[in-house]
Each structure stands twice: as C-alpha cells, then as structure tokens.
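Two forms, one chain: they're shown below as structure tokens, one block per form, named structure 1 and structure 2.
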Structure 1
C-alpha cells in the first residue's frame, strides 16, 4: 500500500494552489462573522447567555442549513476535479507508472485532499476560537466536538467529490454532476424534497410519517444538524446514530462507486 505517498504528494501540490487559500479565507470570514454576531449582536439583547455551547448550538441548529451548505461546497470543490484533472493533463500516467495501484491513488487522494480541507478550515476554527475566549463560558469541549463534526462532514464531501471525479472521464461531466448534487443538497434541506417524496409514497403531507426524519437525513448536511444536537447536550438516540452512519456512508459509498468505475478505466 502506497496511498500515504500519494496523499503526501497530493497535499504538497494542493496546498500551493491559490484557490485553496481563497477557500480558507471564505471559511474563516464566515466563522469569524458568525462568532462576532453571536458574541456582540445577540449579547446586546441580553436574552441569551453567551457560552460556547450556545454558539455551537446556534451554528449547528438554526444555522446548520448555511454552514452545511458551505462545507458541502468547499468539500466538493476540493475533491471533485482531482482525478479527472490528472486524466486531462496526463499526469495520471506519471502517477500510475509508479508502483501505485488505482486503489492507492483514490485513497491517497481522499487522505491528501481531506488534510488540505482540514488545514483550510483550521484557519477559521482558530480565528473563531479566539473570539470564544471572550465568552462567559467558552465550553471548549463542545467547541472541539463542533470542529470534529464539521471536519468529518467536510471529509465526507471531499470523499464524495473524489468518488465523482473517479467515476467520470471528463471535467465537464464531473462539474455538471457536482453542481446537480449541490443543488439537490440545498433543496432537500429546505424540507421540500422529503415532503414531495412522502406525498408521492403515502398521499400525506409533511412529516406525518414516522420515517420522515430519517428520509430528511439521507443527505449528510441534514444529518449534520442531527448529530450537532448531540454535541450540545442532546440524547444519543436512534436518529443520531442513523445520521452519523449517513455521514460515514457519504464518505464511503460514492468513493467505492468511483473506484469501481476507475479500476478498469482506460486513462
């Protein structure tokens, strides 16, 4: 297994891309803005006690649609072109001419690009933590849980992106598929998607059926909010376990499909 060598190469290469640092800046601005709003604007109303927990609760609760969509966008951006671009440029022939199996290539790319995403996120996480110190009770434990969960979500999307990138042979096609997926993610999170499915299957409106929450959480951005509730003190119930499994599945299933297609592809 040589995936570590591929991951190292991938990290070294991607970290030098200016677009990556633009991406890190976007996330950092978002994190700082959110922390700032929570700390000063809400605090001025004196209605909410300022703690790390209330902050995380706000971000993964009410703010989850926005955070998760941003993480999805950034994660997919980091992953979606990585294999296809190597096929377009021909560097895949250099890579596969060395003793790397195609599985090593795919796994190495997920590992390297995930490290890149987490490095980019780290800027925002640290900036946000600097604000957290000014809170009455920073609750760093809860905040670390949030960092871990958000990173996991990001890695799931990097992996999904690498999976899509491995599955198709052209940049144009992977771009189309990735944007279609992003649209579907956001659409699903509004509740309209699951509502339509429930109506189509049962003729009933809205969350009348017991499995509605499970259906809503088949996409990792929705599942993210469910697991977030656990971090800020909720119970570890069946829905939380399911949601965690969903996030992990998005890290594994598209990648397995992509590898299956890439394994025998002509490059």
Structure 2
C-alpha cells in the first residue's frame, strides 16, 4: 500500500462527510457572484470592456486580496486537522500499522485533500464559465491560466495546512497557529507588514527600496497577483519568476518541516 491509498481514502471520506460539497458551494457562489458583477454591473458602463481577459485582470488585480484570502481559508481548513485529528483519536496507530510509512501518510493526505479542494474549485470555475460565454470575448485561454494559478495557490495552502497538522501534536495548537497565519496573511496583503519591515531596516516609509516588491511577495497572496499579471499579458520578469517560486515554496517547505517533525514524533 502506498500514499495513493491514503489519498483515495481522504477523498472518499471528504465526499461521504459532504465537506466537498460545502466547499464547492462556497467557491461556486463566490465565482458566480464575481462573474455576474463584472458582466452585468461593471459592463453596464461604457468604460469597461466585457471580455474574459478583463474579468481575470480584475480578479487577480483589484480582487486578488479577497481571492487569495478565500483560497487561503479554504485550503488551510481542508488541510490543518488531517494528521493531528488522527493523532488525537488514536487512529494514526492503526493507519501506521498498515504497510504505510509516515511519508506515505503525509503525502497521501496532501494529495487527497488537494484533490478535494481542486474538485470544489472545478465546480466554481465551471459555474463561472457559464456566465463567461456571454462575454463579448470569453478568452478561455486566459481563463484556464487563471484556473491553473488559483488551483496551484489552493494546493500550496493545503500543503501548508497538512504541514502544520503534521508538526503540531494537538488540535488546539494547530488551530491557533492556523488562524494566526491567516491573520498574518491578510495583514501582510494590506501592505502594512512590508512597510513596517522596510521602516525597521531602513527608516524609510513605503516602497522606498528596490527590494520592496520582493519582500511583499514573500507571502503567496501577493505572489499570486504578480503571477496573475503575466496571465493577462504582462511580461515574465524576475519578480514574476520569484513570485512563482514563492508559491511553490509554500507548497513544499511547510510540508517538509511538518514531515520532519512527524517522522520522529511519538504517536
């Protein structure tokens, strides 16, 4: 038995518990509402061109903070209790009694929970695309790029959540750490966090140093907007490459740390 068996079990459990349907409903409502507002409210003015590219540009531009916050919330909620709940209940001993290594457990939970989140996203994206066909130019290529980027961001947060769940031994602690991280993500996205760091290091306010944009993109919500600019026609520059690397790092580093802690933990 391998990590694939763990992943299948995680997905089946999510379907039976209806958590998949709840996530799908939340994201579908968000996507349909966002597309509707763009199609029938903003497009009611002569200044807004009704195209798929303008829609994606608005979502990953002006709306990136809200989109990233929602994806972070859903991704962390999907992943943050996966391992620690099994440790609390004692079922982790049964799981590890099967021919699974601890690495199989961690990877399987990431894969299974990521599949749950991506499936929920797919429902929302399909519902949004039904409105998108009414646009003057749907630009489905751009839209698919937006779908892929948002899914990657969601997987990064699921992986972070599973990493936290693997590293912490109690549900109370992992809940506190998860919501502290969510608060920090939202706070950083306002620009206040990077500004405070720059002021502490240089005595200057705001983006007064060349590395400000790189500092701001340390968290994946800002990095998401930077990569999103590429999808709608921007240039692939150092900041975009760095931002893409940041999103991937958030999918890998917390998970590696969580596994390192879980590997030697007494369960």
Partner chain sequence: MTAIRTDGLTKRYGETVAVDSLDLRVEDGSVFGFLGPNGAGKTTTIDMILDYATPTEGEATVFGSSPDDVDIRRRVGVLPEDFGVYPRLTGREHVEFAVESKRADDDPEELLERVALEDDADKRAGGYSKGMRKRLLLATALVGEPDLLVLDEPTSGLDPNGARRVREIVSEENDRGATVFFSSHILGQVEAVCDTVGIMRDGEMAAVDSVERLRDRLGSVSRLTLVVDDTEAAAEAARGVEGVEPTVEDGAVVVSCAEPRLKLDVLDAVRNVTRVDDFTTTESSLDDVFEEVTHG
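For clarity, a rigid core is taken as the largest C-alpha set superposing within 1.5 Å between two forms. Worth saying up front: this structure is predicted, and the values here are computed from it rather than measured. Residue numbers count along the first chain shown, from 1.
The second of the two structures is the form predicted alone. Residue displacement note: residue 247 has its CA displaced by under 2 Å between the two structures (rigid core superposed). Relative to the superposed core, residue 12 undergoes a Cα shift smaller than 2 Å between the two structures.
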